[in-house]
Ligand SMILES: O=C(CO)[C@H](O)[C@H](O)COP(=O)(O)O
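In structure tokens, one chain follows: the form predicted on its own.
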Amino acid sequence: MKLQLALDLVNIPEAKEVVKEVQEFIDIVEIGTPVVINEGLRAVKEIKEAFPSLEVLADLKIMDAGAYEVMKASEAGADIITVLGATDDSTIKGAVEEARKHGKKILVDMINVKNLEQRAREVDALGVDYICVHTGYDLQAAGENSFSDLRAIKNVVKRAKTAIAGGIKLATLPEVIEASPDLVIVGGGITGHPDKRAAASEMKQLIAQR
């Protein structure tokens, strides 16, 4: 089980500071969609150059032009690129084919997918690397989480690894770990903590104990 740090509300220098603080406890750094919008793929490039031992995920949430966007993210140094599960199979296939050319991975984000189990089965058959259940920021505010969604996709996904994102904090991490995802994605649970290093360390310990 890997721990991914999601960076959403930072610029490049701030991102570097946060990663520096917690790098020994995380496996993957996510350059979140807001950072890509504000800073471009330069953010991916600079974080990968600064922390070459960590995997870097570019959260592009690709909905179209899968091959092209994966190519550009790969050139910037991304190890993992996200595509939305709500898009067409052809977009996901194009993304997967392009990722294979560059030795990169595709994570499919199932945010707002209605028929979750059926779509997870379909996406799994397309050869993606990760399928991620994700409660978006706006739904988190309404008190929702992805824990039951994770259990639902775990029942049907045979090839891809599973991931979970959305509002995970130290208090809820044990429940997440119990559902055995391959990847746990934490944003504010670390970045919003008064002691980021301590929070990341404790999360890493909990994951290691499973």
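Worth saying up front: this structure is predicted, and the values here are computed from it rather than measured. Residue numbers run from 1 along the displayed sequence.
Here the subject shifts to the form predicted in complex with the ligand, a form of this protein not shown in this document.
> When the ligand is placed as it is in the model of the complex, which of 43 to 51, 63 to 71, 150 to 158, 179 to 187 ends up with heavy atoms within 4.5 Å of it?
Replying inline: So the stretch in question is 179 to 187.
> Does residue 3 make contact with the ligand in the model of the complex, using a 4.5 Å heavy atom cut-off?
Replying inline: Output for residue 3 is no: heavy atoms all beyond 4.5 Å of the ligand.
> Would residue 168 count as a contact of the ligand in the model of the complex, using a 4.5 angstroms cut-off between non-hydrogen atoms?
Replying inline: Taking the distances in the model of the complex, the answer for residue 168 is yes, it comes within 4.5 Å of the ligand.
>> Could you pull out the residues of 17 to 47 that have any heavy atom within 4.5 Å of the ligand in the model of the complex?
In response: Heavy-atom contacts within 4.5 Å come from 30 alone.
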